[in-house]
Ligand SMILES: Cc1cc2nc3c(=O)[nH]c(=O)nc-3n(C[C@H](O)[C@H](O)[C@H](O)COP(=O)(O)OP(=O)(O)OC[C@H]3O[C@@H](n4cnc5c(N)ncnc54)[C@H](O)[C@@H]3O)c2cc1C
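Only one chain is shown below, in structure tokens, and it's the form predicted on its own.
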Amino acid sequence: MGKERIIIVGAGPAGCAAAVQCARLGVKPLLLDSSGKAGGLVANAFLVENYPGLEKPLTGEVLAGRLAEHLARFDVEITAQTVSRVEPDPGGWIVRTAGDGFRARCVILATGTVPRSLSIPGERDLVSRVLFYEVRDLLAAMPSPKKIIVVGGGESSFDSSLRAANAGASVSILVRSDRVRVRGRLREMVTGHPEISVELNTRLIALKKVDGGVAATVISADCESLRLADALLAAVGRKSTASLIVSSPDPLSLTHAPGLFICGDARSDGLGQVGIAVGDGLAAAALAVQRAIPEKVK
């Protein structure tokens, strides 16, 4: 098990920004990602329109492709590896994978978030069949859905609903509270869309697979009813992956431990903003290079 100077785990916006910055500062990092592809969760996005400098709004998939091109310009490749644990090692860290793993002086953890479950009976049996947590996975399984139910009242549910509607689906957003947690342009785009409806005070209590899709049992205005759809997308929040990989206090910090940096959504616990993730990645890379080879930084 040789020793790398810097290992970056995760190739979303934070990890890609960190990798490019490391390369610019003279250190070629080892970039690991379970998918082997650039982009991470940004590939889910309907449109990215608040990142400074864009000539026009970009879909998440297009931006993911540009991240891959940016890595290629700096000759940074992505190694397809799933990291299970990052542990202290004399003089650095051990990055555990399905193989032997890797040693490094510094590790930048940019692994993003995982979705929160619905916590309803039978949920696990329906995952990737008629229940999905990422809109890109849903559309990969069903490229032309007719009817989609989205559960959640945050930005992720609204953004995903726009992408599903853009694929030709009629979308119902179920929100268990009496208000949504979305403001401004995104809210206006959803509430003004002819194929998207938002139902407040509507709680999902059960799911089951039926011929042609999924049956969702909901309670609204103290009345129980059944909703049928091709599939259901759960967008009820996300949580950082960092605590699954390292011993993490709460809240997480960029400079988590000497030689270990946590950035992007893994640190902020799911803000889902490309600009914040990129800034985190740049800062983590500068600190990691300074620690790995301090004589190279003026």
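Residue numbers run from 1 along the displayed sequence. Since this is a predicted model, take the numbers as computed values, not measurements.
We do not show the form predicted together with this ligand, though everything after this point is about it.
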(request) Answer with yes or no whether G237 is in contact with this ligand in the model of the complex, where contact means some heavy atom within 4.5 Å. (result) no
(message) Taking any heavy atom pair closer than or equal to 4.5 Å as contact, tell me whether V42 reaches this ligand in the model of the complex.
(response) yes
(request) Could you confirm whether A14 comes within 4.5 Å of this ligand in the model of the complex, counting heavy atoms only? (result) yes
(message) Although the partner isn't part of this model, could you tell me whether G92 comes within 4.5 Å of this ligand in the model of the complex, counting any heavy atom of the residue?
(response) no
(message) To test your reading of this chain, name the stretch in 117-125, 195-203, 214-222, 152-160 whose heavy atoms come within 4.5 Å of this ligand in the model of the complex.
(response) 152-160
(message) L47, V83 and V274 - do all three of these have some heavy atom no more than 4.5 Å from this ligand in the model of the complex?
(response) yes
(request) Go through A64, L30, I245, A229 and name the one with a heavy atom inside 4.5 Å of this ligand in the model of the complex. (result) I245
(request) Output the sequence-ordered list of residues from 88-111 with at least one heavy atom within 4.5 Å of this ligand in the model of the complex. (result) A110, T111
